[in-house]
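To begin, one chain is listed below as structure tokens, in the form predicted on its own.
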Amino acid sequence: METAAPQPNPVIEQPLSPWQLFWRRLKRRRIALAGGVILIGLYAVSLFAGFIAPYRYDRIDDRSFFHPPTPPRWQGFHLVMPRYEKGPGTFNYRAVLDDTKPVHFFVRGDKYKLFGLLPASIHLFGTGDPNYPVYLLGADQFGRDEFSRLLYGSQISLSIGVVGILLSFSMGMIMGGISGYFSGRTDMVIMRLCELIMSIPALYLIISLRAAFPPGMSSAKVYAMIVVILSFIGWASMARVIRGMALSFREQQFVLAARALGQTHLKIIVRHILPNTFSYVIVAATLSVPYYILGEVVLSFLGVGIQEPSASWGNMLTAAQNIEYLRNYPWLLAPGAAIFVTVLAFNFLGDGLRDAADAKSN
């Protein structure tokens, strides 16, 4: 009588954690990953803006007003930059034949502070000769390098969204957690306060406060004022959502067990209730960052945000108010393209995170 062959033991797959399931769903969304890669690249470039930019944001060249974009060209195996001179017309430039300068890497140039702390003067590329400037994106109406100002401006325009979200969402999570956990009179007071704050238009508030401050206020103080006001306005909507989630969590078994073990109310809110809202908070934060960036852009564009000569994407676009500039010098719209790409990348990433956080999605 033949004996049956022994069957191999079935492989038991280990169950995936919620974060592993979240990451697996996110990896299937290529557009979201592309948005994340773009944002990582933008923030990395912003972090090293002083090193990558060939010039300082406030360097003025009175020989290069409205200089057109002049990318380096290959001459044999070397990158060279031709010398340009003004031709017929007010701002008409032409390259001088057979008059070039090699483009070098890691050249010494304008002084800057790496990460805002370390004094440095080494730049990624340049010619080292002011007669052969490298204007990858052209120059503006004051002869300032548009590419360098774009990089320096990214430090303000990109960071203001992250800092604003950290402040507003932290406050919104704490206030919403307290409101939902205690409910009753505490809930009523906090929710009425949220409704009052949400009724205040942020744009008019900033414009009014800006008019009350001295006109010579530094850009650092204006930056802090914009962040604080946008955060003050933005935490209320987050608090309302977290409050609703906290109302459902406060009767869950893990909260009742923590309460029975004698843990304080604050510890229950911070360690047990709020961590369960992180999946929503991450998605909401990603989708909200563009609004903070656009808020700074609008304010600087209107002249009540970051002031000259400091660079931000908003005040760089003030030149776009002149129709003649737009018609003759379209490279001045480079900050607009950067804003478009950044907001689109955040929206792609936010949509992907939202779909990945949905347990019903494939």
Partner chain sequence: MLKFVLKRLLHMIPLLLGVSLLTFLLMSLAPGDYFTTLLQNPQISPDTVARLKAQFHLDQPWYVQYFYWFKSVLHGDFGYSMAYKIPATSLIFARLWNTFLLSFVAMIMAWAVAVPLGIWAAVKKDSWIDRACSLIAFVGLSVPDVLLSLLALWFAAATRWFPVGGAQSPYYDLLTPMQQFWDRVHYLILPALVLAASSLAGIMRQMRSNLLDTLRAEYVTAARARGLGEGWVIWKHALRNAINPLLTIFGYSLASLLSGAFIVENIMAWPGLGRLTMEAFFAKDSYLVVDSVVMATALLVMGNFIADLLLAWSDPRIRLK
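Heads up, when I say rigid core I mean the largest set of C-alphas that superpose within 1.5 Å between the two forms. Numbering follows the first chain given and starts at 1. The shown structure was predicted, so the numbers you read here are calculated from the model rather than taken from an experiment.
There is another form of the same protein, the form predicted together with the partner chain; it is not shown, and what comes next is about it.
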| property | result |
| --- | --- |
| Exercise: residue 210 in contact with the partner chain in the predicted complex, heavy atom 4.5 Å | yes |
| The partner chain contact at residue 201 in the predicted complex, heavy atom, 4.5 Å | yes |
| Contact flag, residue 337 vs the partner chain in the predicted complex, heavy atom cut 4.5 Å | yes |
| Contact test in the predicted complex: residue 304 vs the partner chain, heavy atoms, 4.5 Å | yes |
| Which of 180-188, 139-147, 153-161, 201-209 sits within 4.5 Å of the partner chain in the predicted complex, heavy atom basis | 201-209 |
| Output flag, 294, 351 and 354 jointly within 4.5 Å of the partner chain in the predicted complex, heavy atom basis | yes |
| Candidate from 39, 47, 33, 298 lying within 4.5 Å of the partner chain in the predicted complex - any heavy atom | 298 |
| In the predicted complex, the residue from 26, 317, 52, 60 that sits within 4.5 Å of the partner chain by heavy atoms | 317 |
| Contacts with the partner chain in the predicted complex - residues in 313-330 whose heavy atoms fall within 4.5 Å | 317, 320, 321, 323, 326, 327 |
| Core-aligned C-alpha movement of residue 131 between the shown form and the other one reaching 2 Å | no |
| Yes/no, residue 246 Cα shift of 2 Å or more between the shown form and the other one with rigid core fixed | no |
| Rigid core superposed: residue 209 CA moves 2 Å or more between the shown form and the other one | yes |
